[in-house]
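First comes one chain, alone, set out as structure tokens in the form predicted alone.
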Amino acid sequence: MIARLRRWIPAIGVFVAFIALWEAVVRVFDIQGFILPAPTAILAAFPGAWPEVWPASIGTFLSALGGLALGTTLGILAAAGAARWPMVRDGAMPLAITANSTPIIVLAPVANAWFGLLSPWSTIVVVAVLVFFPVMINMVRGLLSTSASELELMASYAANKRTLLWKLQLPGAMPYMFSALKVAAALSLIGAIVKEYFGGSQARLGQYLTLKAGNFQFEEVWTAILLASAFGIGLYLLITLVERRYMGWHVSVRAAKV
């Protein structure tokens, strides 16, 4: 436990130094709040902004989490099919790469038209699309990373396709899956907030940011930014904890525990 805490000391030190430098730069150069408010000004704005920004953050986070779960599930299922049948893989991978390049500003109006501005499904679907392709592409790589010697060993035990998938390919693909999830966690929150810029419930971060920025309440804007960052960091840490729990056998996790 003490060794783990020691590993956090450099990160905490850098964070504190960054906040102090931020505060000093704003004060020394007299930077206006609409450009960059000081950390103390943002902190002072939290009590007044809390009744609005906290429910908005929860709503956006739940939509992002729903999209992350949906996109990850569909991505894993699609990757299993693509890894199993080469014809599916040859046709789906170029399509996945092309669709992954589609910007959110194209998806958001379409989702609003399909599900309605106030429906949480419009955000969930946009997030799921953003998450789906990174998860699928990484999972396909992971499922196909099994070596020929491992496949030959399983064949010598007369293992069928299902056994190969569950006992060999999926465990071997877990490092790829968790790497994809860490990227997808950030994408889910970014996608949810950007989608909400194009319409949705007022009790969402995207609409909150738009309203406060339009009223030049930039300290409140930064409270929303910090809360979104906190949710993103929390989700990343949760995925890391699950990774360490279920991948203790992997060399990368064992090295991190030393």
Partner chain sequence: MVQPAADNAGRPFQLPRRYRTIVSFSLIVIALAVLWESYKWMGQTTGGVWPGTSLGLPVRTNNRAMPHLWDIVAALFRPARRGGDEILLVTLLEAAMFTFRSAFAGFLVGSTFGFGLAIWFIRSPLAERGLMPYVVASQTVPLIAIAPMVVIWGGQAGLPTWLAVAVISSYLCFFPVAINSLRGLRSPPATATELMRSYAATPHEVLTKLQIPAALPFLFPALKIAATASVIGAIIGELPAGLSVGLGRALLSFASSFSSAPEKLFGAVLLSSLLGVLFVGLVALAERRLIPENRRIAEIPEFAT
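From a predicted model like this one, the values you see are computed outputs, not experimental measurements. Positions refer to the first chain, counted from 1.
Below, we refer to the form predicted together with the partner chain, which is not included among the displayed structures.
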ask   = Since exactly one of Ile190, Ala41, Ile58, Leu70 fits, which has a heavy atom within 4.5 Å of the partner chain in the model of the complex?
value = Ile190
inquiry  = With the partner left out here, check for me: in the model of the complex, does some heavy atom of Ala49 sit within 4.5 Å of the partner chain?
reply    = no
task = Check whether Tyr197 has any heavy atom within 4.5 Å of a heavy atom of the partner chain in the model of the complex, and answer yes or no.
result = yes
query = Wondering, does Gly232 line up within 4.5 Å of the partner chain in the model of the complex on heavy atoms?
reply = yes
ask   = Is Val53 a contact residue for the partner chain in the model of the complex, using a 4.5 Å heavy atom cut-off?
value = no
note = Of 41 to 49, 62 to 70, 22 to 30, 217 to 225, the segment with heavy atoms within 4.5 Å of the partner chain in the model of the complex is residues 217 to 225
remark   = Applying a 4.5 angstroms cut-off on non-hydrogen atoms, the residues of 119 to 155 near the partner chain in the model of the complex are Leu130, Phe133, Pro134, Ile137, Asn138, Val140, Arg141, Leu143, Leu144, Thr146, Ser147, Ala148, Leu151, Glu152, Ala155
